[in-house]
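Starting off, we have a lone chain in the form predicted on its own, written out as structure tokens.
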Amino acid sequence: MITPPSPPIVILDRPQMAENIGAVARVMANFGLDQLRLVAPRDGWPQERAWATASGADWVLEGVRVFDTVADAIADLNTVFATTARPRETRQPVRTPREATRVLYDDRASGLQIGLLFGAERAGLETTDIALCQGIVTIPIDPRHQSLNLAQAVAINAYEWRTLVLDAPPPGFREGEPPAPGELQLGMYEHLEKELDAAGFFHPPEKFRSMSQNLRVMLGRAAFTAQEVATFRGVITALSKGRGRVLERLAKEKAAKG
């Protein structure tokens, strides 16, 4: 019997209520998911009320890891999908939970680290955090009442994973190297943004956030491998050094004329 791939890690961004965290742990346990990460929970962690609503899914809550930012929480993951019902300005692949589960299943079977990111109960996910992910998962609910609570959203995605695992075709074959983990991708984004900022690309300054998001989404769609990240960062460094040499030459020419 072939052992199925381990399930995706669930990441909750800024969860507000302990009861909701407990309810998420309960549905995760129902469908065989067991790794839960929290990003800046409003009331801190641990919270006793979470255990009361988890209905015995203690192993999920006892294994919780807490992070300060979404970037930190997904730094070691290769493929992360952001779950949101709202249209976003980022041009990323949008999938149903069933479609997303197939991609995650194949990636995990290929040895990649995978995750599902969920936003806070009221505000949802920030576009800047969605831009760090490799795609968007949208649940096809009736537009007349687009209201799901956090545990329901997790349950639907977890159910699709469980269904696929119980009756799964062989994982798709992945050619070539896997995408780089989030930590390497974020380092590449920040390196590029730093040099672009020094070159005056982000003008006017108030457009920095939107321009940065667009760059991250474009580069994220490329799914760079670790080697490609290293190569691209080498390109950035070479360009920045070249600019420095040009400025140095111009300064010397100006000094000589003066």
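When you see a residue number, it is the position in the sequence shown, counting from 1. Since the structure is predicted, the reported quantities are computational estimates derived from the model, not experimental observations.
Keep in mind that the form predicted together with another copy of the chain is missing from the display, and what follows is about it.
Contact here is defined as any heavy atom lying within 4.5 Å of another copy of the chain in the predicted complex, and by that definition each of Ala29, Ile139 and Gly234 is a contact residue. With a 4.5 Å cutoff on heavy atoms, Asp129 does not count as touching another copy of the chain in the predicted complex; it lies far away. Using a 4.5 angstroms threshold between heavy atoms, Gln47 stays clear of another copy of the chain in the predicted complex. Another copy of the chain in the predicted complex comes within 4.5 Å of no heavy atom belonging to Val66.
Taking the partner from the other structure, another copy of the chain in the predicted complex has no heavy atom within 4.5 Å of any heavy atom of Glu183. Proximity to another copy of the chain in the predicted complex, defined as a heavy atom within 4.5 Å, holds among Ile114, Leu125, Ala151, Ala73 only for Ala151. Although another copy of the chain is not shown here, in the predicted complex the stretch 142-159 places heavy atoms of Asp142, Pro143, Arg144, His145, Gln146, Ser147, Leu148, Asn149, Ala151, Gln152, Ala155, Ile156, Tyr159 within 4.5 Å of it, in sequence order.
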